[in-house]
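What follows is a single chain, given as structure tokens, in the form predicted on its own.
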């Protein structure tokens, strides 16, 4: 016997109600009774019934009205109509209003038990359907949430992501990919890669993978040049079904333009350094060969000239090594440096004193204006000393005999300014654009055989920028150059 069924019997006839109660309780069900439709609905609202047996003809509210109210309540309760006026029409009407079955009066106990048992099976079936529907809705919701989370992650990635289907159509492209490929925010999804990509090589590679993918192929990594000069690295992975057939691709894009530039800069730097180191070494070796081979003969003056040239080239080599070490120290920006208030008046005084003797050797007039009340700057004293040593030594070196070098320090409420003006050989406007490049030397300086490594101004510029400052320059050929160094005043 089923012990779990909860049944409501609604009937205005006492004999029917009590008869049904005795039969159904004997079958093991829990039974409630109502003598009309209105009181029956009150019980339905308070309790969960598996099955309702209701008469049709009743005072106040008949069985058809009870069925109508059950439908409005969206109840999963199974209803069976009991009627003493059974007809096909009444059965059809009751079925339209949601009744599962009907029993004609009079009925015997077995018939009632059979109809109720079948009705309860229907109730159990409806409950299972409802439970499966809820599970399906929950699964769909979870799938939807998981898809939303995945899309959020993909859309927030810095790497570009493109997914295509078997028909070479784009089914997903994140904002990073749209930005990398310089695509306009037009309709992208559903377009073929050939229609929207402006990089034929990338399009060709994706299409080839879709057409010729092999089971052994996992991911193809390749670099592509963009029309605007950038370099993208693409990792293209085929998506395969259970038969190893390609059903699409996933392409992950990385913008490696900066890495390529750094790689090229390192290569150029090594090439420059190798050349600059080999040139003086070869010269020194050549001069020594001349002495060893006796080219100078017994002429002490000629021999001294060869030794002096060797010494000059050795000094140039030493200067280059020192500048390379300075450049290395300046570029190690991640190393902690002691930053403190620094009086540039003191730094410039020490630098000028150091180079004064060289200026005197060339009879260069060295003018200075270094007010002691100039506000300090925040910086590393060693680096600032290196910066101004490069600028002052250049001013003296590139100024002919009897020339002038004027060094002035001043300030305004926000800045501390240093001006270093010389009457030297100057340089052209074309040279001005390259003067701070590493290893660059002005053509007229090379022609006049003025020694230099081409690193001093590059080092000075990096130091100024490390101190939130900058350097500007004005120059005219054979009239001189003026360098302006501007720092924020320390407050």
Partner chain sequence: MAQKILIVDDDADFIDINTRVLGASGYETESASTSEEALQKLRGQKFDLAIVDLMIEDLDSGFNIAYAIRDDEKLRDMPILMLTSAPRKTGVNINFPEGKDWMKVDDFAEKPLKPAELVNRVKQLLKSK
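Values in this document were obtained by computation on a predicted structure and should not be read as measured data. Numbering follows the first chain given and starts at 1.
We do not show the form predicted together with its partner chain, though everything after this point is about it.
- The partner is absent here, but in the predicted bound form a heavy atom of 275, alone among 275, 133, 72, 96, sits within 4.5 Å of its partner chain.
- Taking 200, 300, 371, 286 one by one, only a single residue has any non-hydrogen atom within 4.5 Å of its partner chain in the predicted bound form, and it is 286.
- The chain is drawn here without its partner chain; in the predicted bound form, the stretch among 122-130, 286-294, 136-144, 189-197 whose residues come within 4.5 Å of it by any heavy atom is 286-294.
- Proximity of residue 305 to its partner chain in the predicted bound form falls within the 4.5 Å heavy atom cutoff.
- Shown alone here, residue 313 lies within 4.5 Å of its partner chain in the predicted bound form, counting heavy atoms only.
- Contact annotation: residue 415 falls outside 4.5 Å of its partner chain in the predicted bound form, judged by heavy atom distances.
- Using a 4.5 Å cutoff between non-hydrogen atoms, residue 325 does not count as a contact of its partner chain in the predicted bound form.
- For the candidate spot formed by 264, 271 and 279, every residue has a non-hydrogen atom within 4.5 angstroms of its partner chain in the predicted bound form.
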